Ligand code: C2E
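In structure tokens, the next block holds one chain alone, the form predicted alone.
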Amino acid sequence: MKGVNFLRTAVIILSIVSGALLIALGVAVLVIHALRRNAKRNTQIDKMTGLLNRDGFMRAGNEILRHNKVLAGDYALFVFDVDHLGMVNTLFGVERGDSVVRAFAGAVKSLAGKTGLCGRVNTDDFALLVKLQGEEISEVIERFSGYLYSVIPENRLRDKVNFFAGVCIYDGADDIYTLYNKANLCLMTKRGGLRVTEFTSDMENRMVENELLRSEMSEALEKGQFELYYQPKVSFKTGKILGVEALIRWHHPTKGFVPPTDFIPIAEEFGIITRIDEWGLITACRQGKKWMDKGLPPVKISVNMSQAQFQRTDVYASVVKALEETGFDPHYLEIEVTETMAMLDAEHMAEILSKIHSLGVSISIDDFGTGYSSLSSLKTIPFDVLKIDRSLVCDVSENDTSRRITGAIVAMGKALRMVVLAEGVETDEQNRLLSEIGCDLAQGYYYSKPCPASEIETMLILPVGENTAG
């Protein structure tokens, strides 16, 4: 009997132990599953803002569109782009830049409410999938803007913060990926400073064409399809060519000549403009060195720099590299920036351009008279040349106001010891009046259109007074 009782007791104990082990195993499995779910969830969260990241937003967005009863026109997907976030980081520091990112996160979160979905889908892009509930697109944007600027306390910082939005209304068929791509296309096709762009049916066709052009531009750089033309800058007093402006031209293998107005905006959109700028800088320096080696009269070569070049690359290092690789004398290189560029990020531009100026390179302010016309930029940035915009030059002979404004700009430039150039000179009357007003240099079709380097060589070797095409 004792043996039987012992066996019974042992069986009971084993049963209890095995049951406990099974429970513990079950608990462990549940814990492991929970940990995995949390780990997976954490990989879908943006650490800085606490919002869903791109992957998390797409997964959750697809669930909403697939499993909820969503009708065409009910929902809209917004993509908000933080404009010039890099500039904010540069001017105010990374911590302030992060505070702007968090402000955007708060704005999209406030719009999402309890039923919408929002996420940070890129470094400077936020997505919002929200039920419109009878609201107009403009009303959503107004609420977003109101919240955003209310939580940025500093006026100086608030003035630099801007955004663009791309919007696509749900058509009842698209998945979240297609919906997002359409809204994002709107951002890539923004034009004329419009804050909000809504997706339209013909936009996709234009983007396909632009994408093809983008691909062809990359190929054009590699295959040498781009060429620099040069437009003379002529002395009013002597008629002598004292400088040339380098202007890009594209000889497309099947389309023929593609005007810069057709491809430069696309190059800016897709970021290729920085590569084009680099190519243009070193090509112009190389050409200038060739002319010098041939013993031609020395002329300054001016090269235009895009805003993207200053924001995304080390322009100073690029200039140093171009000069060293080509052996071009820095005193015959001129960097042109527009007035709007100079004012958009004045402190940053002043720092970079001062460093470039210290190399002996001249700095020119282009399109003066069309933008801010701010004296502060002329005070802080070491400009050597002031270019009066063609919009003033074109009617200087007919419009008294244009003539007075032009005269005032010339007087100011002279007072600041700057060379004053009038661009867009096309008629004899314009040429005479601008000379009387006191401009130093003229550029325009009256003297010469932009020409290949070989034609400029011919102009340079002709005697003074015969070396222009006018």
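The model shown is predicted, which means the values in this text are computed figures rather than measured ones. We number the residues from 1 along the sequence you see.
The following text describes the form predicted in complex with the named molecule, which does not appear among the structures shown.
Counting only non-hydrogen atoms, choose the one of 127 to 135, 234 to 242, 255 to 263, 283 to 291 that falls within 4.5 Å of the named molecule in the predicted complex.
Of the stretches listed, the one contacting the partner is 255 to 263.
Could you tell me if E198 has a non-hydrogen atom within 4.5 Å of the named molecule in the predicted complex?
No.
Within 4.5 Å, heavy atoms only: does A103 come near the named molecule in the predicted complex?
No, A103 stays farther than 4.5 Å from the named molecule in the predicted complex.
Hey, in the predicted complex, is V425 touching the named molecule, heavy atoms inside 4.5 Å?
Yes - in the predicted complex, heavy atoms of V425 and the named molecule come within 4.5 Å of each other.
In the predicted complex, is there a heavy atom of the named molecule that lies within 4.5 Å of any heavy atom of N304, even though the partner is absent here?
Contact check for N304: yes, within 4.5 Å of the named molecule in the predicted complex.
Only one of D83, D329, D174, D367 has a non-hydrogen atom within 4.5 angstroms of the named molecule in the predicted complex; which is it?
Here the answer is residue option D367.
Taking the named molecule in the predicted complex as the reference, which of H357, K321, K109, R249 has a non-hydrogen atom within 4.5 Å?
That would be R249.
Considering only 164 to 183, what residues come within 4.5 Å of the named molecule in the predicted complex, judged by heavy atoms?
Contacts from 164 to 183: none.
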